[in-house]
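One chain follows as structure tokens, the form predicted on its own.
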């Protein structure tokens, strides 16, 4: 079997009498996006610094692509950072007297070669083709962070380490930077990102939560995540029924918070496509949305017709019920209700395999 790209084994870091990391162990596969979460002082930044060769552990191992970082001498660490790691920090860490393109080329310099054309292309990739000659002081915070992203990518690193990369950004620039990170993930980059923002962490493949230097939880997709995804797919479906484009602002106005980030995650999973600010269901996404809509509207009909629960209360119960109805129970409810064509509000209930209107 091939080894994981990152192997953290019994990692411990002491600062005086304080255990910043306390026997931490986990692995990361190539191409994964890992969100590292936890309260201040839980060891997140210490972990990133050790993986990046900026700090050394007291004991244990941090292995990246079969390289035990703690065993490298200073020259080896310099080569390791240049060859295998791309850093994106909250504070940008740009050299103030160098232009954007020169800051990117600085990373190339530590890799022993510089290529201005390649550096300009990296800045173009992050949307800064017209800002390459600007100094950091002439750039907004979001633009400075995008320079940092270009710098992180210039040497084609195996792993990208991001420590609160959106912590100092406004909402618009946060969206731009997160979209760039999503693109990197889609392109196959391995990303470990420290964040306090749960909505950003939901975009990752896994969430690793630390407390007092220890691993307390590893999460992929929770049931709550899946429910939020379903709610967004419902809103996109309803836009289609109403004959209006599923624009992000329209979807957000329907009560879907963090719609931009959720759309990104659904896109990564092949459930939606985005073009010109409009979200469209893929065939796979359409099937899932149809199933959710069907369960929800059948539940509304059940609560209204059978239990005399009406209005918003029926909708609230249906929202909960739609996530726990199995396909078998859905068919039984549909049959019990006589295969209704509409919900209590008059909206169509998509036909199921049990429905006579589906040819059965």
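Positions refer to the first chain, counted from 1. A quick note: this is a predicted structure, and the numbers were derived from the prediction, not measured.
Beyond what is shown, the protein has a form predicted together with a small molecule; the following relates to that form.
Candidate site formed by 20, 41 and 44: every one of these residues places a non-hydrogen atom within 4.5 angstroms of the small molecule in the predicted complex.
Only one listed stretch (65 to 73, 301 to 309, 320 to 328, 33 to 41) carries heavy atoms within 4.5 Å of the small molecule in the predicted complex, and that stretch is 33 to 41. For residue 336, no non-hydrogen atom is located within 4.5 Å of the small molecule in the predicted complex, even though that partner is not displayed.
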